[in-house]
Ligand SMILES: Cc1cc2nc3c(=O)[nH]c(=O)nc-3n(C[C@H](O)[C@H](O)[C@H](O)COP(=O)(O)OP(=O)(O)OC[C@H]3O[C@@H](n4cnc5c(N)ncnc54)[C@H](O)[C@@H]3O)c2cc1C
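Only one chain is shown below, in structure tokens, and it's the form predicted on its own.
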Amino acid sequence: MMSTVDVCVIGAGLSGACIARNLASHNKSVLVLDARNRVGGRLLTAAAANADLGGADFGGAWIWPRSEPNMANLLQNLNLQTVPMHMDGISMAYIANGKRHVIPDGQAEMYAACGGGAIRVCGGASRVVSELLEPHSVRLGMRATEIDYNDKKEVKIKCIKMTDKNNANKNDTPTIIKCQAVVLAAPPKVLARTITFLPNLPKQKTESMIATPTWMQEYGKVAVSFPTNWWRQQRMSGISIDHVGAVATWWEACSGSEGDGNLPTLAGFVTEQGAAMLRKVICDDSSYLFEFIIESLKRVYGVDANAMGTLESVASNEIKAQGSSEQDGLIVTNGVITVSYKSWLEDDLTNAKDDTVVDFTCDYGDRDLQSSVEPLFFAGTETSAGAHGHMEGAVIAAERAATEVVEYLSNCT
């Protein structure tokens, strides 16, 4: 199977989607590839895995419009509604000595992971990518394994079809895509470790890519949806800090105007240490995640299970689990409350590992990350000199890369 386009974009995340929209506006034919079976990349909304959840984001979630004008303009152009972070009410801190502290109303910004001034996209941040991409221009479950740019007039990309579990389908014949230019808009170290370049990329370029940690690669997120917004009912902000449990900090993550969305939802960060804790919890039975997280919430917020909308005890056979934490999320529910967990640490499309060793760490936005190599161009939030790691950085990088590609194609003509 073979396709021919002007530009192929590898990575259907925010940066890749912005590039595709930009190049299409310059009348360039564009094909976007992604090894995942969904668009969004590191923008993953829990609702994509389970329609009952309240639009909580497993990946990038926050935008700060006062300091991130590109994202603010993009949301306005796409006519996407936003919701401010809920900061009203008391907050909680559970510290290592086993004591819970109540933080007075008005101080939530000091303890919130996002700080002040943050907003979220109603329905989840992955909606931004879905609105940007034209479905006919995207091929999902296609992993680029080789890019041959020996012929400067025609780049050849070899792709393999992925299974639902992100494994290569060895029975399928590789797909060949021909184009004039390629934009690589995925985590730099994943690109360097999973794609063979013919000829090899410059040594300094390759080492810089491998030495660049994927933003938030050690983290994960847990989202818990409830039948009622019990924290607001008890005049809580929903924000908490936990020095004991696997989830280091919590916040309100639903997206309705009244803080409910489809269902009221709390979400929280899981650090590398927390991921090790959760790995032990779910190693024998993934349904154990449910009770573990509910007990953590009871301890941190000082409420019982009845206040959350469920019974104090739930029979194990009533708890159902599906999915996986290393893919699009492990979802565990008792039919009333749903707990979901996504680990980016265990996601090999985010945190690729191999035996290659470099003796330095590359700074985000480094010139070697941004620099093009003949018909190959590089984007993604890690390559951004400003707001790297944020959605804003992905948009900035996309604008730069798209400008470079248009200029390159003009010179070729």
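A quick note: this is a predicted structure, and the numbers were derived from the prediction, not measured. In this text, residue numbers run from 1 along the sequence as written.
Keep in mind that the form predicted in complex with this ligand is not shown, yet the notes after this line are about it.
Asker: Name the single residue among V332, A267, A186, V128 that comes within 4.5 Å of this ligand in the predicted bound form, judging by heavy atoms.
Answerer: The residue in contact is A186.
Asker: Taking this ligand in the predicted bound form as the reference, which of Y301, Y149, F226, Y219 has a non-hydrogen atom within 4.5 Å?
Answerer: Going through each option in turn, the one that passes is Y219.
Asker: So, in the predicted bound form, is G60 in contact with this ligand at a 4.5 angstroms heavy atom limit?
Answerer: Yes - in the predicted bound form, heavy atoms of G60 and this ligand come within 4.5 Å of each other.
Asker: With a cut-off of 4.5 Å between heavy atoms, is Y94 one of the residues that contacts this ligand in the predicted bound form?
Answerer: Residue-level check for Y94: no, no contact with this ligand.
Asker: Taking this ligand as it sits in the predicted bound form, is F292 near enough to touch it, meaning that at least one heavy atom pair lies within 4.5 angstroms?
Answerer: Contact check for F292: no, nothing within 4.5 Å of this ligand in the predicted bound form.
Asker: Is there a heavy atom of I10 no more than 4.5 Å from a heavy atom of this ligand in the predicted bound form?
Answerer: Close contact exists here: in the predicted bound form, I10 approaches this ligand to within 4.5 Å, heavy atoms only.
Asker: Among the candidate stretches 211-219, 81-89, 227-235, 175-183, which one is within 4.5 Å of this ligand in the predicted bound form when only heavy atoms are counted?
Answerer: Partner-contacting stretch among the options: 211-219.
Asker: Who in 365-386 is close to this ligand in the predicted bound form, meaning a heavy atom within 4.5 Å?
Answerer: The stretch touches the partner through G380, T381.
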